[in-house]
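In structure tokens, the next block holds one chain alone, the form predicted alone.
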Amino acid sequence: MTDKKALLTIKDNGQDKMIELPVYSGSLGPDVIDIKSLTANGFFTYDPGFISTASCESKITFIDGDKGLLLHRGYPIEQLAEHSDYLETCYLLLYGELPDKKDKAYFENTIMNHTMVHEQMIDFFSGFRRDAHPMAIMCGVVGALSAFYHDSLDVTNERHREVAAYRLISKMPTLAAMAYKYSIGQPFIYPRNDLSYAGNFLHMMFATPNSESEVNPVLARAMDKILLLHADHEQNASTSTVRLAGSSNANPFACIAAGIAALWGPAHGGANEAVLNMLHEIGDEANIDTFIARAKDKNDPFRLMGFGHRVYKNFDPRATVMKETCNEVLNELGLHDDPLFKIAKRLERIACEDEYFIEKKLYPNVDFYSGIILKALGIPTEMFTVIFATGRTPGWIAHWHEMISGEYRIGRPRQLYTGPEKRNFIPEDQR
């Protein structure tokens, strides 16, 4: 907090009205103007999409897009990706500090020992069409968890909140894998507690009951990186949705289901899926120059997907990590000569060397590389956003818990009304 003030001058019919607004400073980032008192003075602010509005105070994640900085509880994402793992990052997001050896072991054991879901959940899946989008299924089954685990729904009880958090983190990969298995008509594979979190997810995705399967450690590490790099990203659309739903005291399972619904939107969670669709559209290396020319033509609606970022103006710090992981996966699987991946690597090289892309800062972002990795792992594109949701779950929970355990009010955005003024009802025979 600071002693700075902002003075707002309202000019109306030659009269000046002065409103004094407090200015606050966070530990990082720009100062914010507290506008709560505007309502008492007869004004609201107009900010579509809340682009210039801080909707909450948070200690979890900080992003500086100009500097390419992403911090979780103060730790740079590059350091977490290199030295930590997904579950340890989950702990960090939830509790604010890195765990010691004992706490880490307890947390990991607790999560991995609760990966099974209630057996009656299987009946929920049988109610969906086989060709249902897996995100539609996830919205339903995650919300339905509240019907099976109603012993942890008291949002005012800290222990209930913790139990619900553990259940969500542990069961999301199981539900995600079940959604995939259901879509292809294969039996569900039960989780294995002896595997890592990411390794267990790959096991449930690709194992079958009639054969032994081993999880490739290189691929398991790649999946762990993907989950870690998507664990939280500050006040994005889905996280804000979780907070808004939570402000009504909705149970945590319902709030996370709301976040999944928001993430399902192609403008938010579908970017890596769009990358693969673009690569398929290009189709062949011989067509790349044509599509590059189209991307540069401002009158052509075609856009290269997976390049540039709304928040990061210079580079996406997550993409640096993903690029290295992408090369490891392609090397491990011997896919560098795959036509689709050759297109991707050529596009990457062009974006890093072509003056047009450099000037406009259209660098490969995390979605570009994660889409390639997931495709290489054999995961169908319709599952990409499901995996995004699985990785983002601890971030959603951390923000929900931070809000619900502090001071908050039910969300109630205002509006700029431009409809008709008051008018009298006209009887049907007079219209």
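For clarity, a rigid core is taken as the largest C-alpha set superposing within 1.5 Å between two forms. A quick note: this is a predicted structure, and the numbers were derived from the prediction, not measured. Numbers follow the displayed sequence, beginning with 1.
Not pictured, yet referred to below: the form predicted in complex with ligand SDX.
J.: So ligand SDX isn't shown here. In the predicted complex, which residue out of A271, L244, A258, M178 has a non-hydrogen atom within 4.5 Å of it?
T.: If I apply the 4.5 Å criterion carefully, the residue I get is A271.
J.: Just to confirm, with a 4.5 Å cut-off on non-hydrogen atoms, which of L145, M204, L94, M305 contacts ligand SDX in the predicted complex?
T.: When ligand SDX is considered in the predicted complex, the option within 4.5 Å is M305.
J.: Which among 350-358, 335-343, 320-328, 74-82 is in contact with ligand SDX in the predicted complex, heavy atoms within 4.5 angstroms?
T.: Looking at the partner contacts, the answer comes out as 350-358.
J.: Decide yes or no: are K102, R167 and N251 jointly within 4.5 Å of ligand SDX in the predicted complex, with each residue judged by its heavy atoms?
T.: Heavy-atom distance to ligand SDX in the predicted complex: none of the three under 4.5 Å.
J.: Using 4.5 Å between non-hydrogen atoms, is R221 touching ligand SDX in the predicted complex?
T.: Judged by the heavy-atom cut-off of 4.5 Å, R221 is well away from ligand SDX in the predicted complex.
J.: Does at least one non-hydrogen atom of H233 fall within 4.5 angstroms of ligand SDX in the predicted complex?
T.: Yes, contact at 4.5 Å.
J.: Against ligand SDX in the predicted complex, would F388 count as a contact residue? Criterion: heavy atoms within 4.5 Å.
T.: Yes, F388 sits close enough to ligand SDX in the predicted complex that at least one of its heavy atoms falls within 4.5 Å.
J.: Looking at the partner-bound form in the predicted complex, is H150 within 4.5 Å of ligand SDX by any heavy atom?
T.: Contact with ligand SDX, no.
J.: Given a 4.5 Å distance limit between heavy atoms, list every residue of 82-115 close to ligand SDX in the predicted complex, or none if there are none.
T.: None of them.
J.: Comparing between this form and the one not shown on the rigid core, is the C-alpha shift at P301 2 Å or larger?
T.: For P301, whose C-alpha is compared between this form and the one not shown after core superposition, the shift is 2 Å or more.
J.: With the core lined up, does the C-alpha of L347 move 2 Å or more between this form and the one not shown?
T.: L347: C-alpha displaced by 2 Å or more between this form and the one not shown.
J.: Using a superposition on the rigid core, decide whether the Cα position of R130 changes by 2 angstroms or more between this form and the one not shown.
T.: No, shifts by less than 2 Å.
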